[in-house]
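Presented below, as structure tokens, is a lone chain in the form predicted alone.
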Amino acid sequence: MEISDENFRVWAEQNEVYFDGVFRLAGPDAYAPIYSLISGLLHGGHKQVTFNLTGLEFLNSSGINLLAKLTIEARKMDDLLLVVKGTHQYPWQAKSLPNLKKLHPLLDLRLA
């Protein structure tokens, strides 16, 4: 399944969800389809789920809240390893993504 518009694209392949572009959606309701897509992946019986953010140029505060909410949801699943891939290419990622580890200390954060 894929969700996209002219500014962004998010899609899942097996146990990895990819984010690409610029996310400036208006609030939690606008992010609801993305939440549903990823929540389904988290509850899909995988041992590991990866959020690949390396193509995500910008994410507004509502989008960061979405990542936090999904991270907390993953934390509740004892047998699931959550991997977050980011990049130093976009400064917001190096600043914001380490905060996800405060919500889920076992999260595997990979900033390249």
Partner chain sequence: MDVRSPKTPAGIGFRAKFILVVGGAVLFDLLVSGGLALWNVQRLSRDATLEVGQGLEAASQEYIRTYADSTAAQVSLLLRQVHSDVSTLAGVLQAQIDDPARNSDVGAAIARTSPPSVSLSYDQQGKWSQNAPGSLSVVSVWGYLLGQDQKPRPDVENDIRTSAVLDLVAPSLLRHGASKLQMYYIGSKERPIFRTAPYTDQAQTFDRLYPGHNEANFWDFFFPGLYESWQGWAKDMKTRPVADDITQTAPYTDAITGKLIVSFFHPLWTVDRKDVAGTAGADITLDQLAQTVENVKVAQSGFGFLAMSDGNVVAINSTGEKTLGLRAASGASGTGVTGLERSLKGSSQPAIAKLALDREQGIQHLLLQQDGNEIPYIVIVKKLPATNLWSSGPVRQEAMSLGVVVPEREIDASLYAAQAKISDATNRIVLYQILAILMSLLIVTIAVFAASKRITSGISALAGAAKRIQAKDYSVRVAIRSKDEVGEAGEAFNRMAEEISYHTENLEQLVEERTAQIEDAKEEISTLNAQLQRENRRLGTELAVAERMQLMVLPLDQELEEFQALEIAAYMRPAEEVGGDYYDVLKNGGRLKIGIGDVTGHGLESGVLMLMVQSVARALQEAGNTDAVEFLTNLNSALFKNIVRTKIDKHLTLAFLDYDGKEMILSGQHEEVVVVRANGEVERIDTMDLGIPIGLEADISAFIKTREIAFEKGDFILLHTDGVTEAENDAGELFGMERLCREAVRLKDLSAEKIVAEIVATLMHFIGSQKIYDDITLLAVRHR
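Numbering follows the first chain given and starts at 1. Nothing here was measured: the structure is a model prediction, and the numbers come from that model.
Not pictured, yet referred to below: the form predicted together with the partner chain.
Are all three of Arg9, Gly55 and Leu111 close to the partner chain in the predicted complex, meaning a heavy atom of each within 4.5 Å?
-> Negative, none of the three is within 4.5 Å.
Pick from Met77, Ile72, Leu37, Ala30: which residue has any heavy atom within 4.5 angstroms of the partner chain in the predicted complex?
-> Going through each option in turn, the one that passes is Ile72.
Give a yes/no on whether Ser62 approaches the partner chain to within 4.5 Å in the predicted complex, heavy atoms considered.
-> Yes - in the predicted complex, heavy atoms of Ser62 and the partner chain come within 4.5 Å of each other.
Though only this chain appears here, would Asn15 touch the partner chain in the predicted complex if you measure heavy atom gaps against 4.5 Å?
-> It does not: once the partner chain is placed as it appears in the predicted complex, Asn15 has no heavy atom within 4.5 Å of it.
Ala68: touches the partner chain in the predicted complex, heavy atom cutoff 4.5 angstroms = Yes - in the predicted complex, heavy atoms of Ala68 and the partner chain come within 4.5 Å of each other.
Using heavy atoms and a 4.5 Å limit, would one call Lys102 a contact residue for the partner chain in the predicted complex?
-> Judged by the heavy-atom cut-off of 4.5 Å, Lys102 is in contact with the partner chain in the predicted complex.
Along 16-48, which positions have a non-hydrogen atom within 4.5 Å of the partner chain in the predicted complex?
-> Read in sequence order, the residues that approach the partner chain (within 4.5 Å, in the predicted complex) are Arg24, Ala26, Pro28.
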